[in-house]
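Quick heads-up: it's one chain on its own, the form predicted on its own, in structure tokens.
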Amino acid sequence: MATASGGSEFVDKFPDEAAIVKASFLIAFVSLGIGAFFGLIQALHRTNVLRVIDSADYYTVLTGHGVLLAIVFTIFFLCGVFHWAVARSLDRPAESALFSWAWVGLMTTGTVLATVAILGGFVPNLGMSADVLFTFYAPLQAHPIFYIGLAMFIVGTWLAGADWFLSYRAWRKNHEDERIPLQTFMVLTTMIMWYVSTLGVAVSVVFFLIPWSLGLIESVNPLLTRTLFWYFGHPIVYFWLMPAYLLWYTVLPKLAGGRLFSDPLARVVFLLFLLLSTPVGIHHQYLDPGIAEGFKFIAMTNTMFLLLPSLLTAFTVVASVEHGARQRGGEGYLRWLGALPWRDPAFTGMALAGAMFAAGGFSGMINAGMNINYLIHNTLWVPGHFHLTVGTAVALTMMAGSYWLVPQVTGTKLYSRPIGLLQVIMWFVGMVFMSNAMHRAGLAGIPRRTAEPQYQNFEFLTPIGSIFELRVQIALGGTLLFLSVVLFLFNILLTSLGEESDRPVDSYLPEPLSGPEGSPRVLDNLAMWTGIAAVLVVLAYTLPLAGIIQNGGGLFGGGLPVPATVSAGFDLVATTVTSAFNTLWGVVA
């Protein structure tokens, strides 16, 4: 326990919650280490710099890399951050520590089962594998344990959300007229989005993929499972981002020496993500022939609206950081940047992650546009994009934020700020090399998701540089990223094992410059926003799903191929939408 002279106030007030957060971080960081090692193997194998596995095993490594990093690391870290944020902002412990440990245990068990199934791919005689990649829809099939583990993991996240809603309900009884504390508001809106979006993947896994993998049904409708996955697959991007946003909005301004610029703007951003993130999943399926072009156009239009919360975030966070810099004596139009605490690894890492997210937003606009997307679909451009978003905006923010958060839940002092600073800069530089090369390789047509990216009797050409140069950049970047993770884990391990800090850990988060009192109370009406989000999902997906089921051989496919067109009724809708767009474009042009 911490004493009056040192330690952590959070650990003193909420010891059970601190233990839950530490357990969540532990599993997240173990997954990060394994996933990063798999990433290094991939980078060196694809570029033919060093091959330590057979190309047949590449897909086992690729699946492990995607699942352990994009699902396990990010979501376990999210659970730790959210558990800390709810307890801190509501100033009350969870309603039941036993219930909290139950969702941690369920998620952990699901993680172990899914990981065992993936690693079984390295042992052919075991008869167990899950080489289905992160996008685990049909027709690729995994061992039942993989799907069962994923189902347990998702249910565990649902229970975690219920835990935080129970805390909020108990707090509300004694604070009927108060606004929801900002961090808790962020957690609750994120979890509502998660409940809505995971319905698709839950239906796919429980009703189709598990029975199919057990042999209880002969076939599934592959386009249906693919669409249900992407119903969930795009909002999970924002589920990854929301803990990063929480840290950018509430911790980063404090580290900069200032305060959050606007509480109401932060609430609007999270509500926009709740409303807009799920109805856009079809933009991942522009080249799927069984979905009418009109529905794809609608998804593209909806996707462009998601630029708004991102731009609001850029404005609010930069304004908050600038306020901090000026509080520290910064002056001028840009000279205030020099007053920021660049020697603090937590600040520097999150600031660099935000800058990289801006670059990822520009490449994401290419992905979102139907006609331009055709150029880069299934090329290395796509992983280049999401390594900027989840691979840096999210992962680097989580690692940098850990340099501030881990002392909060352990009461110990960060082992080494210089190592932390080197680590976040190394990640940034490594990602610049790798992502730049991936984007350029994608423009040259080099494919993704393959151990052997070179075709026979064909040579890829680049407008600038050479294919060899791109391979060197990818290999170098991947190596730097792995070394960065090693430094991070080393620093965090020694921090956790260190002695209690001589001085109390600084846990104070200042109030925003513009508080919630001046904003409409309707922003806190979570029931209303949930209803609107549900209506938008129904409008976006009812007709496309009906067409997929009607023309794809029913719910279970029946062994029929995915059709190239949909029925006349659905074509009529698509044609009408497209015609209206063309008419509007002609007027504007």
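Counting begins at 1, following the sequence as shown. Since the model is a prediction, treat every value here as computed from it, not as a measurement.
Keep in mind that the form predicted together with a small molecule is missing from the display, and what follows is about it.
- Residues within 4.5 angstroms of the small molecule in the model of the complex, judged by any non-hydrogen atom, belong to 57-65 and to none of the other stretches in 57-65, 22-30, 519-527, 538-546.
- L380 is the sole member of A160, V424, L380, V187 with a non-hydrogen atom within 4.5 Å of the small molecule in the model of the complex.
- Just one of R92, R417, R471, R448 comes within 4.5 Å of the small molecule in the model of the complex, counting any heavy atom, and that one is R448.
- Residue contact check for A70: one or more of its heavy atoms lie within 4.5 Å of the small molecule in the model of the complex.
- Although the partner is absent here, T74 is a contact residue: one of its heavy atoms lies within 4.5 angstroms of the small molecule in the model of the complex.
- Residue contact check for V390: one or more of its heavy atoms lie within 4.5 Å of the small molecule in the model of the complex.
- Residue contact with the small molecule in the model of the complex: G39 places a heavy atom within 4.5 Å of it.
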